[in-house]
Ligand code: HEM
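The chain below stands alone and is given in structure tokens; this is the form predicted alone.
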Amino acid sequence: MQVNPAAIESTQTRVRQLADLPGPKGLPILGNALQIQKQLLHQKLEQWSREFGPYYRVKIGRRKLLIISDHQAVSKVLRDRPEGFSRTAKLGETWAEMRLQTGLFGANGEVWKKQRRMVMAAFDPAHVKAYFPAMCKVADRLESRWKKSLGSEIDLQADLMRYTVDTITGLAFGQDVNTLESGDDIIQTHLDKIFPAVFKRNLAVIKYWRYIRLPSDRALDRSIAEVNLAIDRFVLQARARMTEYPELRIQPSNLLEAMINAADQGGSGLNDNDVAGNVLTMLLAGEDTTANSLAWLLSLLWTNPAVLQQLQHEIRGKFSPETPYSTEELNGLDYLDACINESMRLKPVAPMVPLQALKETLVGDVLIPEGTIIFSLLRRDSVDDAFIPNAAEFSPERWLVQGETGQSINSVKRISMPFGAGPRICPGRYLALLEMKIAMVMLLTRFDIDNISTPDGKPASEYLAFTMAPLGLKMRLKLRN
């Protein structure tokens, strides 16, 4: 992605500057800030993309942003990390100001490279296999919870958040918090405040909290302090276990122990602060993204009964309520894979990625200076008929070897990037998909879905608070005959 002066000269008539691009008119000083609802930012940027094209500019306060939706350019930008682009300096500033330890999500440059090696060691396939029984145990608890709610409306997102919190704390840190059975969701309550606050402060034009502390800001401080204390406790307990049981150095029982092993290797350049930062990353990302992805999948299945029926047929043909879960059988559910991929195409929980240019560079035909912030819209082309036939339809068949539209699965994969792309693609994607598959097999072998609804009877609204969540989903179940 580094700029070649000769290439620029040879294409001088095509190269544009940021100031040359179209964009929405704004106000002095504030720019376009008042035209954007933070919770609907992704939708507004997608709407402007349809109006102004795949490259346009937006101004929020003093910040001049480049917005891109061309999937090829988005892919190139995502793959040009960490050398060409990084997380924004604003995100790092917000993260530090909130006293959050930096993990793989927010790290840049050499720090990111060192942490990446540690985290990838924790996600080694052999380790993931060792965590599998713990994941199944949490799914059994979710089943028990739902059996107690038969015939009643279930707050779908709240229960799925409990499921993901229990799963991530169990397999990542060896902590059995069991919010599904105890109802004690203190950790979840604290976690739920952090990502939305990061999102809000990252986009704020006026940093009021530096001068006036509202009750919500003081509550946020308390939540962050509690989460940091819990993380320090996780690390200390893991080190104590590893001292008492040295065999855990060879065969760690959870992700945290695996990360500590990797950090303790000579020359790693990592310490317990780096480990703590990635504990936080796993807690935040592991809770929010998987729960919201499952909620969107169930919402789409309910509104597409033929797809739901076909998925039931596949799952019930391979599993009964008494069949033990196995990674081999779960990975053989091709139609479930297709349903998950199609759901993430239409409803990616991360519909955009903000990045910052580390040097002067070309993005498509736009020459941008060092420091320019780019918002890459990951969903825009994925739901455009110009790139994917009948793009608005929920059609899992397009993810099979040859979709019913005749479009190659590879072309759909190139356009849809729910986990990102390039070196910084989500390292926990396999684990997240496995978690989703276990939950879906449990649900469709034990229960029949009686209803999934929203308070106004309309399709679930999209709500962006760092990740994109569906609002107000309620589910009613009955036991499968």
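All residue numbers refer to positions in the sequence shown, first residue = 1. The structure displayed is predicted, hence computed values, not measured ones.
Another form exists, predicted together with the named molecule; not displayed. Remarks below refer to it.
Interface residue among L191, L297, A238, M282, judged by heavy atoms within 4.5 Å of the named molecule in the predicted bound form: M282. Though the named molecule is absent from this view, in the predicted bound form it lies within 4.5 Å of a heavy atom of just one residue from V353, I368, A391, L358, which is V353. When the named molecule is considered in the predicted bound form, L78 lines it closely, a heavy atom lying within 4.5 Å. Residue contact check for P418: one or more of its heavy atoms lie within 4.5 Å of the named molecule in the predicted bound form. Though the partner is left out of this view, I425 does reach within 4.5 Å of the named molecule in the predicted bound form, counting heavy atoms only. Among heavy atoms of Y325, none comes within 4.5 Å of the named molecule in the predicted bound form.
Only one of 199-207, 213-221, 144-152, 102-110 lies within 4.5 Å of the named molecule in the predicted bound form by heavy atoms, and it is 102-110. Contact with the named molecule in the predicted bound form holds for none of L18, I68 and G364, as no heavy atom of theirs lies within 4.5 Å. Using a 4.5 Å cut-off on any heavy atom, the residues of 268-305 that reach the named molecule in the predicted bound form are, in sequence order, T281, M282, A285, G286, T289, T290, S293.
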